[in-house]
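Just one chain follows, in the form predicted on its own, and it is written as structure tokens.
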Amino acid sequence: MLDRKYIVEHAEEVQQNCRRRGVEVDVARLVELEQQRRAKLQEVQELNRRANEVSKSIGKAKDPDEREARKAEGRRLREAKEAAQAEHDTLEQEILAIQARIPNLTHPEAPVGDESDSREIRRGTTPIPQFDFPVRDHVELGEALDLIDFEGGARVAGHGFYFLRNEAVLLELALQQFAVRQLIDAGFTPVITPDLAYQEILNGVGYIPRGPETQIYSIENSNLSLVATAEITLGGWQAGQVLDADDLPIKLCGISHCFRTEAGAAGRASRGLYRVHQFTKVEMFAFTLPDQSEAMHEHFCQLECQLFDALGIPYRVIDTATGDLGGPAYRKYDLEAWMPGRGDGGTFGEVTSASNCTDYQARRLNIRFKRTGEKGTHFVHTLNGTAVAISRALIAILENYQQADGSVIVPEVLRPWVGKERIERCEE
């Protein structure tokens, strides 16, 4: 969350930032409540001071009646102090509720507006393929090549679940191996994270684990939820900790299953694997010093581009507009892959994103750093980026590498793990 003192001192700027990001928050109300809270805190402190003075004076009173009067006065002051403290705590909770809904500040170069205002900033090295045969989407290809079973998944767990079969399994494992290997070579520590996290961790990272707007599957009669991304568990890993500045940046690549309700998702654009309830993802995450985060953000985006250039997938990079940033991100780059079977004649679809969250998540999770020889601590900056979301990467591979005979060429960088150059129709 944003620093409360900053919010109070820059209330109009913060309110304007909320408007640009499409978030309805009454910042003026927070300022008003904070003024009341500060006044109430002074009252608590004054009552406590007076009660202590009276307590110290009791032993000095020689007259029994005076001593009893002072005891009564002390009790009255203590009761008044406790009542004032309760009022203070109520104000604090009201303020926190508003403060938690205020989004991060926004990078000055981020486009202002909604999704349609996001700006393309570059394209990958692979050109968009030109097919001289009718293009199939990944659902048709997956069924024809016995790679994806949506009907079986629906029978087992409902719409939005699926079975991967045969070479699709090998492609998933190959994508994980390829992405993790590239990231290890780039200095990341590989981590397999839990698929569950406490509600307070999800809140700290910026997800809503409960309520009508949630995209999270929560475990009944438990404080646990299934994670939507390893960003949640990787960020939560250092919750409440103080890191050594000399150890930063810390770069992690986390492998996890991701579970999302995808409430409201529908339409041809969401067909097949594009919006599903469970998938595997390799996630990049970093804890950095404040002056390192912008460079790390560019580094994350560069790594995502390198991965998809190596896979031979056409893509474009989008500088995400303010209205589509989400709460924690200061700036976000989306990488959108060309999907020939999506839409009417093909279109770009998001496959990765990279976000600089500055100290927004660190404040909520209380993750700090300390410099040797200096007093005090400071909040770290956190960043996250998708290396590869397997389900959407499979869409891009199947559709871009499809051939006229119905087969699919395996990207060269994945062949050592898949064990073949081409996925062909199984003969009866």
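Position 1 is the first residue in the sequence shown; the rest follow in order. Remember, predicted model here, so these are calculated numbers, not experimental data. So that the term is clear: the rigid core is the largest set of C-alpha atoms that superpose within 1.5 Å between two forms.
We do not show the form predicted together with the RNA, though everything after this point is about it.
Peer 1: Which single stretch, out of 366-374, 381-389, 25-33, 394-402, brings residue heavy atoms within 4.5 Å of the RNA in the predicted complex?
Peer 2: It is the stretch 366-374.
Peer 1: Run the contact test on 164, 176 and 182 with a 4.5 Å heavy atom cut-off to the RNA in the predicted complex and return yes or no.
Peer 2: No: no residue has a heavy atom within 4.5 Å of the partner.
Peer 1: Would you classify residue 198 as touching the RNA in the predicted complex, given a 4.5 Å non-hydrogen atom cut-off?
Peer 2: Yes, residue 198 sits close enough to the RNA in the predicted complex that at least one of its heavy atoms falls within 4.5 Å.
Peer 1: Residue 223: heavy atom within 4.5 Å of the RNA in the predicted complex?
Peer 2: Heavy-atom contact with the RNA at 4.5 Å: present for residue 223.
Peer 1: So, in the predicted complex, is residue 155 in contact with the RNA at a 4.5 angstroms heavy atom limit?
Peer 2: Looking in the predicted complex, residue contacts with the RNA do not include residue 155, since no heavy atom lies within 4.5 Å.
Peer 1: Taking 4.5 angstroms as the cut-off for heavy atoms, does residue 74 touch the RNA in the predicted complex?
Peer 2: Yes, residue 74 is a contact residue.
Peer 1: Of the residues 275, 123, 78, 136, which one places a heavy atom within 4.5 Å of the RNA in the predicted complex?
Peer 2: Looking at 275, 123, 78, 136 one by one, just 78 meets the 4.5 Å heavy-atom criterion.
Peer 1: Could you run down 18-43 and flag each residue that has a heavy atom within 4.5 Å of the RNA in the predicted complex?
Peer 2: 38, 41, 42, in sequence order.
Peer 1: Given a core-based superposition, decide whether the C-alpha of residue 48 shifts by 2 Å or more between the shown form and the other one.
Peer 2: After core superposition, the displacement of the residue 48 C-alpha between the shown form and the other one reaches the 2 Å mark, so yes.
Peer 1: Taking the rigid core as the superposition reference, indicate whether the CA of residue 326 shifts 2 angstroms or more between the shown form and the other one.
Peer 2: No; residue 326 is a residue whose C-alpha shifts by less than 2 Å between the shown form and the other one when the cores are overlaid.
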